[in-house]
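Just one chain is shown here, as structure tokens, and it is the form predicted on its own.
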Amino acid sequence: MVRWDDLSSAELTVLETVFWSSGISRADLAQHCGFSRSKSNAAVAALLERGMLDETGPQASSGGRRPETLLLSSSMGVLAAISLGASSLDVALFAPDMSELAYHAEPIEVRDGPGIVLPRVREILRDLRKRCNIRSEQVMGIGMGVPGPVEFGSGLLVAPPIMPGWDGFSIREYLREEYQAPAFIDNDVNAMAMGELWRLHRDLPNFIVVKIGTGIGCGIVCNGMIYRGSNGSAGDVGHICVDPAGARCHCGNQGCVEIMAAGPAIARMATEAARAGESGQLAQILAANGVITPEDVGQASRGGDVAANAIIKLSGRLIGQMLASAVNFFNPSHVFIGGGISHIGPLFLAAIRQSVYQRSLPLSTRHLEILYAPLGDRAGVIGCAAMALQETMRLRGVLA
């Protein structure tokens, strides 16, 4: 492990720039930092000596000698990333340069509570470390995303609607029993937004990421940073009302977009259609399996089922109705759609787009792009690793 103390301001700036670049030459580094070549090279030399940077081979030549690529050094430690969804768990280890060392995913029920979920997280982390021959003290930072509102400063969940037993539970203290590394907890969709921000190297300063699964949430990137609001609840769009006369949500209100259009709503509407005789295909699935999943609805839609198509269009329209308000308010350049329901098919995305463009102001949508999140199912776990690194560096005084 390396020492973090006594770093100069120039060295701190270089580390931050390398962190976001995912590989950069000395010449480009000086330009990005706004340093002279000599000042930049002096900072790089000091960080190489400390074991915080590595030169990893030449980049493509643009004429003359090929420049060496600078990356954060693996000797800094290892990042642990934990992406917890309502019904899924992804755990991974990453090097400081964000290369993946080990990965594991499995279904899990967050409603089972921390007493069941977190011991499983600990067990998976041990297995991954053993696979990579990594000791617990080599973990330099831990990032975890959870499907509920988080007060980021304390890392505590606050009255999470779909996470009974987690309110006020200190995940940090639990992880501290085995790891000396700092742990950072955030909402799962903020972690996804962080993953996409990392992929983009902060080149897109204003965009949103929408996760649609058991619930619906939104991660906001504003001026190149995750925007969490004053208490950490920014982006909780799942409880925006889209139908005042709609079903009662688990939050206590009526017609929230989450209860009307998320995964359980799609399954519920499909079950009702099957029982009402509106879809022979969905009725066969219900008879064979006893339940209908959103994935079943997507498969039926791709097979041309009229009822399934109508359900997907309705869900997309309601989500687009909610997003139109967000687009008018925030004016992002991009909306990235992720989460399990994003696999339901192209008709879903088309319905969202149509609703957003129909309801938003022309100036808000003039250059707006709405597309599925490029990182897909890995966005959350990648974002957790990036969050762990960024916040660990900030904690050590590296980032302002």
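Heads up: residue numbers just count along the shown sequence, starting at 1. Note that the coordinates shown come from a computational prediction; the quantities given were computed from them, not determined experimentally.
If you look for the form predicted in complex with another copy of the chain, you will not find it shown, but the lines that follow are about it.
Ala261, Leu282, Cys218, Ile142: which sits within 4.5 Å of another copy of the chain in the predicted bound form by any heavy atom? If I apply the 4.5 Å criterion carefully, the residue I get is Cys218.
Under a 4.5 angstroms heavy atom criterion, identify the one residue in Cys256, Val91, Met76, Ala300 near another copy of the chain in the predicted bound form. Looking at Cys256, Val91, Met76, Ala300 one by one, just Cys256 meets the 4.5 Å heavy-atom criterion.
At 4.5 Å between heavy atoms, only one of the stretches 170-178, 194-202, 219-227, 120-128 reaches another copy of the chain in the predicted bound form; which one is it? Correct option: 219-227.
Would you check, heavy atoms only and a 4.5 Å threshold, whether Ser364 touches another copy of the chain in the predicted bound form? Ser364: yes, in contact with another copy of the chain in the predicted bound form.
In the predicted bound form, does Ile240 come within 4.5 Å of another copy of the chain, counting heavy atoms only? Ile240: contacts another copy of the chain in the predicted bound form.
Evaluate Ile311 for contact with another copy of the chain in the predicted bound form, applying a 4.5 angstroms cut-off between non-hydrogen atoms, and reply yes or no. Contact with another copy of the chain, no.
Given that the partner is absent here, does Gln138 sit within 4.5 Å of another copy of the chain in the predicted bound form, heavy atoms only? Gln138: no, not in contact with another copy of the chain in the predicted bound form.
Members of 126-164 lying within 4.5 angstroms of another copy of the chain, judged by heavy atom, in the predicted bound form: Going through 126-164 in order - heavy atoms within 4.5 Å of another copy of the chain in the predicted bound form - the hits are Pro149, Val158.
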